[in-house]
Each structure stands twice: as C-alpha cells, then as structure tokens.
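Presented as structure tokens, the chain that follows is alone, the form predicted alone.
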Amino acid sequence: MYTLYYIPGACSLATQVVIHELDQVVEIIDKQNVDNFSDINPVGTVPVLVDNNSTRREGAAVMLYLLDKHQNTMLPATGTAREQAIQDIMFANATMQPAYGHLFFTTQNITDEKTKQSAFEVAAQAISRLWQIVEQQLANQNFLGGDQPSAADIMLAVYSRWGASFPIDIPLGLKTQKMVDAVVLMPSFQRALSAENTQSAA
C-alpha cells in the first residue's frame, strides 16, 4: 500500500488518480494536518509518496516511478512513444504547472489590487499560450498519448481546474476542453476527488 501526502485540489490529485488507474491501494494524508511535514519533505511541497520505507518527492519523479513500477497503458515501455509520453509529463510538470504557479504567487505576495490584477492577466496570457500548444497536439487525437488518457492528460486536467480560483479567463480550445472533460469523468478521477472531499469533511 502507498501513502500519499497531498493538498486538496493540488497537483497531488493527479498522482492519486494515476494510483487508482494502476489499481493500487493508497492512503492519503493532507499535509496541512501534519505538524512535522518538513521532516518528510524539507521543501514542503506535495506530492510525497511513501512506498514501504522509501519516500519519493517531486511530482514528475513520483509519476514516472509509479508508471515504471506497474504495468499500464499510460507510459509506453520503449521507443518514441515512451519518449513523447515522458516529454508530455515534463511539459505538464515543469512548464504548465509553474505557469499556474504565478497566479498563486501573485495572490500571496502582491497586495495592491491594481498591480495584482495586472499580474493575474499577464500570467493568464502566458498560460493561454501553453494551452494553445496542447490544442495543437490534440489536433488529430483525443489525448496527448493518442486514443487513451496518459499521465500528462491527467496532470493537465488537474491544472485546468485552478484557473477558476482567480479573476481571469483562461480559455481552452475545443479539443482541449473535450480531453479535460473526458479525464475528469474517469472513475479514477472521481474516486480521487471523493477521497479528498471525504478527508476534508472528517
């Protein structure tokens, strides 16, 4: 059984979805309820995955560890398809996620409302350009990996939900919105959302 430290709605949600897709058992723990979380991860970020006595950090590293350990259709074993899948995971984790991070940074660090709104809009424009790249990649396929959802699709679907928390508009292309909607409706995604909601209500 895995233990996953998370924050509700954060990137760790994608990790939980993938664990469910892999048909593995996971216990989730909200890091906000852990007094000594810095002992678990000095950086303070999620996800953190505990597998027996092994602790793994950093979202993309955790994702690749899980996908390499368990048989699945989300990460091809060899060849150019695997290279593309890894590139898509890195795009989601190292490009799209930090772009959304500017929105959270603005909320936490800028107090002047006019300056804050301007920063929001600049960040939203940058994020929108990234979603246009996703739209182009989906031009001839339903998901980044082809005919079925990949880990990167799951990650991007989680990130797409973050924009609703800010006073900005981040439009998604038609193909991108269709992909996001399909991922969110996956039983594994709904199960992960339900688990987080149950934890929050406890």
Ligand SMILES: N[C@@H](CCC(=O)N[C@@H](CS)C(=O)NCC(=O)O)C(=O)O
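If you're wondering where the values come from, they're calculated on a predicted model, not measured in any experiment. From 1 onward, residues are counted along the sequence shown.
The next section is about a form of this same protein that is not shown, the form predicted together with this ligand.
Taking this ligand in the predicted bound form, would Gly146, Met179 and Val183 all count as contacting it (heavy atom within 4.5 Å)?
No.
Would you check, heavy atoms only and a 4.5 Å threshold, whether Ala10 touches this ligand in the predicted bound form?
Although this ligand is absent here, Ala10 would touch it in the predicted bound form, with heavy atoms inside 4.5 Å.
Contact flag, Pro171 vs this ligand in the predicted bound form, heavy atom cut 4.5 Å
Contact with this ligand, no.
Answer yes if any heavy atom of Thr45 is within 4.5 Å of a heavy atom of this ligand in the predicted bound form; otherwise answer no.
Yes.
Closest heavy atom of Glu135 to this ligand in the predicted bound form, within 4.5 Å or not?
Close contact is absent here: in the predicted bound form, Glu135 is far from this ligand, nothing within 4.5 Å, heavy atoms only.
Which among 66-74, 22-30, 53-61, 146-154 is in contact with this ligand in the predicted bound form, heavy atoms within 4.5 angstroms?
Going by heavy atoms within 4.5 Å, the stretch is 53-61.
Any residue of 150-173 with a heavy atom within 4.5 Å of this ligand in the predicted bound form counts; write them all down in order.
Contacting residue: only Trp162.
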